[in-house]
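This document opens with one chain alone, in structure tokens, the form predicted alone.
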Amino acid sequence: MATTSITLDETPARALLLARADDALVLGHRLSEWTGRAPLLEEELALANIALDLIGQARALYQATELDEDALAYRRDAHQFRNALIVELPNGDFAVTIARLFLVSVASDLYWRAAVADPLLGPIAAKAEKETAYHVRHAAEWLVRLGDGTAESHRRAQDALDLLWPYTGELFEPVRSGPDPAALRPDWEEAVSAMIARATLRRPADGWMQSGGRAGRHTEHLGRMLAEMQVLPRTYPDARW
């Protein structure tokens, strides 16, 4: 594989843009992995469309850095990515995918609403908020169906929440500029707790939280994902499609 990694001048503004963009790109790629594998054709299309929304958000954010968007997506090494760890975890079963989409989308929806007036993020946030509001509704409906469904679907939904909860704290870690995510946590907790209760599920107890993604310290899962996602651009860096 050709060595095509890039070097970044990571200003505070770029750090903000990359954190939001990398969240969207990595989660979008994870959702795209359900293509051809979702439990229902309708849901396969829905997840694919949500993935496209997220990848579109990532593109807009990468473009705002004034750097090459393709290089940012395909020619950075894992330690250069600034996404939260929760989005890089493997999809797991359908319940894990839905629970993660719900937890992350509620946080993203609140963030985009807060960012509409931000001079850097405002134009992107105005479009992204509309998309993310739909992501919240879609994931919430499925979470209720799973949690308040059969004994098996309830167990899997609860297991998914228990697995993912220790990763949610990182969603509210401050970045070097932009709206403060920590200020949004009370609203996130209220919205998430209400939907968990509606789904007849138990909110996991707060405790120690995973961290490191914003600083480039990732799980082994991101490297494996990037190896698949980046193989063609890195192998043929001068190719034109």
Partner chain sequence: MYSQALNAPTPLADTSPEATRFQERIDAEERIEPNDWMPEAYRRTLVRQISQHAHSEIVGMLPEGNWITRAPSLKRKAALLAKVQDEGGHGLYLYAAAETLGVSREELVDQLLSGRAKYSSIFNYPTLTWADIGAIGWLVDGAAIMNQIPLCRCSYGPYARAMIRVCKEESFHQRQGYEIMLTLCRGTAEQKAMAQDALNRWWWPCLMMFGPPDSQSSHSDTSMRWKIKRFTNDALRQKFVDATVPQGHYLGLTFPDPDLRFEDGHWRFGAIDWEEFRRVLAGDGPCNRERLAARRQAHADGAWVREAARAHAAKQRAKAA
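Positions refer to the first chain, counted from 1. On a predicted model such as this, the values are computed, not experimentally measured, just so you know.
There is another form of this protein, the form predicted together with its partner chain, and it is not shown here; the text below is about that form.
Comment: 57-65 is the region of 170-178, 57-65, 204-212, 184-192 lying near its partner chain in the predicted complex, near meaning a non-hydrogen atom within 4.5 Å.
A heavy atom within 4.5 Å of its partner chain in the predicted complex is found for exactly one of D93, D77, D159, D118: D93. A197 falls outside the set of residues with a heavy atom inside 4.5 Å of its partner chain in the predicted complex. Mapping the unseen interface onto this chain, L85 falls outside it, with no heavy atom inside 4.5 Å of its partner chain in the predicted complex.
Looking at R137, you'd find every heavy atom of it more than 4.5 angstroms from its partner chain in the predicted complex. When contacts are judged by a 4.5 Å heavy atom cut-off, L146 counts as touching its partner chain in the predicted complex. Contacts to its partner chain in the predicted complex (heavy atom within 4.5 Å) from stretch 11-45: L25, H29, S32, E33, T35, G36, R37, A38, P39, L40, L41, E42, E44, L45.
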